[in-house]
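A single chain, nothing else alongside it, follows as structure tokens in the form predicted alone.
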Amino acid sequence: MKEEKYQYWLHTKRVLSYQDILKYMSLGVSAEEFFSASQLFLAEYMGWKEKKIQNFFEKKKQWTSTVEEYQQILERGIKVIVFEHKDYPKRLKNLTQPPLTLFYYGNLPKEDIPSVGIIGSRHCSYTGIELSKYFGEELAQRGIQIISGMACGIDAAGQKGALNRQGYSLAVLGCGVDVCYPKEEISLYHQLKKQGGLVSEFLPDSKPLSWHFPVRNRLISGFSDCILVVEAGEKSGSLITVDFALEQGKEVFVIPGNVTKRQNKGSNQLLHMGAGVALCVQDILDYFHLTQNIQKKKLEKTCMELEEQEKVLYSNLNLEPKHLDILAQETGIHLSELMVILMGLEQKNLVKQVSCSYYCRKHVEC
């Protein structure tokens, strides 16, 4: 615990750069020993100039207040892990600028379990929400960890899908880990705190400043083994995450979208540039060399056993809700009979009623 206090001081008081951290670690000295280093040591072994050395000794005056701050953070139930710690996430170790300190609730992702970052636009379609949620559910059911940023829209939907299947999901925040942003996702925030994880490189109580989010996006891709883009507009912040993922050598998958919709312009452009196509969950599972799941096989069997009119109606449905009158017109089935068939498909877990008289498929594929 004593060593961790010294490490915390070194990192949070901006005493050392990332390069300095690597250098002092290579010298085999502890953080406590470095704290007590002489001017000669700093000049000869660290190569510091006089101004930087003076700043170092000036910052040492903040030691007592820093220890008090560190203790208060722990007392609030916030966990702290520093770059030098043996349990620091391996996925982040090789980033160009890894965070020197992480604050988190819950648990961080397991190193030996695949993780997928599900990202997309806040201004998304109903179909995008359903796709994100569905992929989150199916991947989590296969034991895959879901990483995202808890933003309204695609991010939150994918994470909710994972939690719906009792899976693990981590939200990387652009504010203090004790701050719920956006406030609309307070329920998801508390669920992640208990069932998954919330992490931030920003000090507790930090506000969600605009510049924080592009910075935190490198951690979303950093924690992920691959990225899945559901819907992303031409200037979506998700494209920043994609850039980081490509820099980090991560595979990027995209779900194709309607070319006439602005929320798909950025993601479709990624496909045009050579991103991997995700037409179904199995495309992601194949990347991790995982076999088709039992749930999908049951779904396929259910579809094969449908009556003729059920098949006709089901084939006219997709993830975009349709009104009863439209379905009756497209299938030629009388409205009263249509209602009975829809009730049967709902019982078979194939269809759901979105709102009054509007229905859609419950699953992406069959």
Partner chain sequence: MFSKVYTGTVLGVQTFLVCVEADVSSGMPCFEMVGNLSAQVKEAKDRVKVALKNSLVSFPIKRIMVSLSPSEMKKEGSHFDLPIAISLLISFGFIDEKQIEQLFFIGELGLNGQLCKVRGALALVELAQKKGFTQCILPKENEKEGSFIQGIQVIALSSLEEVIEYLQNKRSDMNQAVEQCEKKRNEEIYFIQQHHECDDEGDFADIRGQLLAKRASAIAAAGFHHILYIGEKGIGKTMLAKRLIHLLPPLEKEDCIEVSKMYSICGLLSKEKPFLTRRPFRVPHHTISLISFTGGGRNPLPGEITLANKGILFLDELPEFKSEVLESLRQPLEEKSLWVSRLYGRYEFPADFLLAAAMNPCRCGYYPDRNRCSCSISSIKQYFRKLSGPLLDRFDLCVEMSRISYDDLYKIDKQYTTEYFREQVNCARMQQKIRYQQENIEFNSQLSAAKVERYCKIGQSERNFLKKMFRERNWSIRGYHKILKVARTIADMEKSEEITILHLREAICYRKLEQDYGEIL
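Only the largest set of C-alpha atoms that superpose within 1.5 Å between the two forms is called the rigid core. Residue numbers count along the first chain shown, from 1. This structure is a prediction, so every number in the text was calculated from the model and none was measured.
Only in words, not in the display: the form predicted in complex with the partner chain, which the text now covers.
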query = For residue 46, is any heavy atom within 4.5 Å of the partner chain in the predicted bound form, or not?
reply = no
message = Whether residue 65 contacts the partner chain in the predicted bound form should be assessed with a 4.5 Å heavy atom distance threshold; does it?
response = no
inquiry  = Since only the chain is shown here, I'm wondering whether residue 194 would be in contact with the partner chain in the predicted bound form (any heavy atom pair within 4.5 Å).
reply    = no
ask   = Going by a heavy atom distance of 4.5 Å, is residue 355 a contact of the partner chain in the predicted bound form?
value = yes
inquiry  = Just to be sure I understand the contacts: of 116, 245, 129, 255, which is the one whose heavy atoms reach within 4.5 angstroms of the partner chain in the predicted bound form?
reply    = 129
note = Interface check vs the partner chain in the predicted bound form: of 144, 284, 151, 124, the one with a heavy atom inside 4.5 Å is 124
message = Counting any heavy atom within 4.5 Å as contact, can you tell me which stretch out of 34 to 42, 55 to 63, 329 to 337, 300 to 308 lines the partner chain in the predicted bound form?
response = 329 to 337
task = Given the partner chain in the predicted bound form, answer whether the residues 13, 85 and 225 all have a heavy atom inside 4.5 Å of it.
result = no
inquiry  = Pick out the residues of 142 to 162 whose heavy atoms come within 4.5 Å of the partner chain in the predicted bound form.
reply    = 157, 160
query = Taking the rigid core as reference, does the Cα of residue 62 move 2 Å or more between this form and the one not shown?
reply = no
Post core alignment: residue 345 C-alpha displaced by 2 Å or more between this form and the one not shown = yes
